[in-house]
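Below you will find one chain, with nothing else, as structure tokens; this is the form predicted on its own, and questions on how it binds or moves follow later.
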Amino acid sequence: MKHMLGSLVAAAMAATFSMAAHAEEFRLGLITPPPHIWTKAAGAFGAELAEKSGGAHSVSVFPSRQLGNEAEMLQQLQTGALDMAFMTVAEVSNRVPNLGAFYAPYLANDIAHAGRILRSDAAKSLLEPLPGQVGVVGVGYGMAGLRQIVSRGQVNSAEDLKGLKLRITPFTPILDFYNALGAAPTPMPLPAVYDALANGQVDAIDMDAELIWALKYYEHADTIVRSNHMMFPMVGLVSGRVWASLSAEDRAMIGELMARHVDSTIDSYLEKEAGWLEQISGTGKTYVEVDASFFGDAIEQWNAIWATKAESLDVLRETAANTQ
């Protein structure tokens, strides 16, 4: 009797594990708020997956860091506790320095050029080592436009940024850039940024045009510096453990659909970024347009640091030159 009971329990546990491994309802995490382009793309991916799978699969989307910050979500992906994520390449670059090459200052001439770089074969090849190095599968890239600077004070030159507490996304490439500039880069999660800028906890922020406009960061700024100094890519990820549990058919379907919806964010920014910048420029704040010369030798300092960190830097520079 005990042997039979033990067998039944073991069989139940095996069935439970099998159901979890072949989960019909996947969980997908993001740090972005519900109205954000990434979050909308995640919802569209889930809806199409449910349709294409005949209802066999669905996706529950958890925006706004509901499942933790990106470092925590990446750990969950590694263990299989989280199925999927749309995540900044920034966070993954903390584990895979080669991906840090995407943040080379002025690698892209403009947002359209950034899209071409991210859609290149060279860029896609950088995803191939992720299962072995990080335990996740990268299906493709999206992005969040180019980076700008919002300051509480007047900014007429890079000298005016020296010593300022400047909010950044917590990852090494951008930390190195602002250290080279002489600012005081201050890592801070997205939900804390508005209040931090309002109460003077930070003097300036590094941000994309969508959020500068949509979250009204300009309200507590004196100067908007339209610098376009870095691209800010995103990557669609699936837990390596979850991926291994899927059938070949499901891998093909999920990989193709997720890649397409992640890639759709590039088109969204190509369509909308100019409009956001125009609206920002009309807020009455000082609006300064600058180019690479604004940053002096900080760019060369960054290049010297990352030439030894990311062997992919030369490859991406060649790709950028060939896709202008």
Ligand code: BEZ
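Each residue number is its position in the shown sequence, starting from 1. In this text, all values refer to a predicted model and were calculated from it rather than measured experimentally.
The same protein also has a form predicted in complex with the named molecule, omitted here; what follows describes it.
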Would you please decide whether I266 lies within 4.5 angstroms of the named molecule in the predicted bound form, comparing each non-hydrogen atom pair?
no
Classify T169 as contacting or not contacting the named molecule in the predicted bound form by the rule of any non-hydrogen atom within 4.5 angstroms, answering yes or no.
yes
Is L211 close enough to touch the named molecule in the predicted bound form, meaning at least one heavy atom pair within 4.5 Å?
yes
When the contact criterion is heavy atoms within 4.5 Å, does W38 count as touching the named molecule in the predicted bound form?
yes
Complete contact of I31, T88 and L190 with the named molecule in the predicted bound form (any heavy atom, 4.5 Å):
yes
So which of K165, R152, R116, R147 reaches within 4.5 angstroms of the named molecule in the predicted bound form, heavy atom to heavy atom?
R147
Note which of Y218, Y178, W243, F232 lies within 4.5 Å of the named molecule in the predicted bound form, where distance is taken over heavy atoms; exactly one does.
F232
Which one, 116 to 124, 244 to 252, 203 to 211, 103 to 111, holds residues whose non-hydrogen atoms are within 4.5 Å of the named molecule in the predicted bound form?
203 to 211
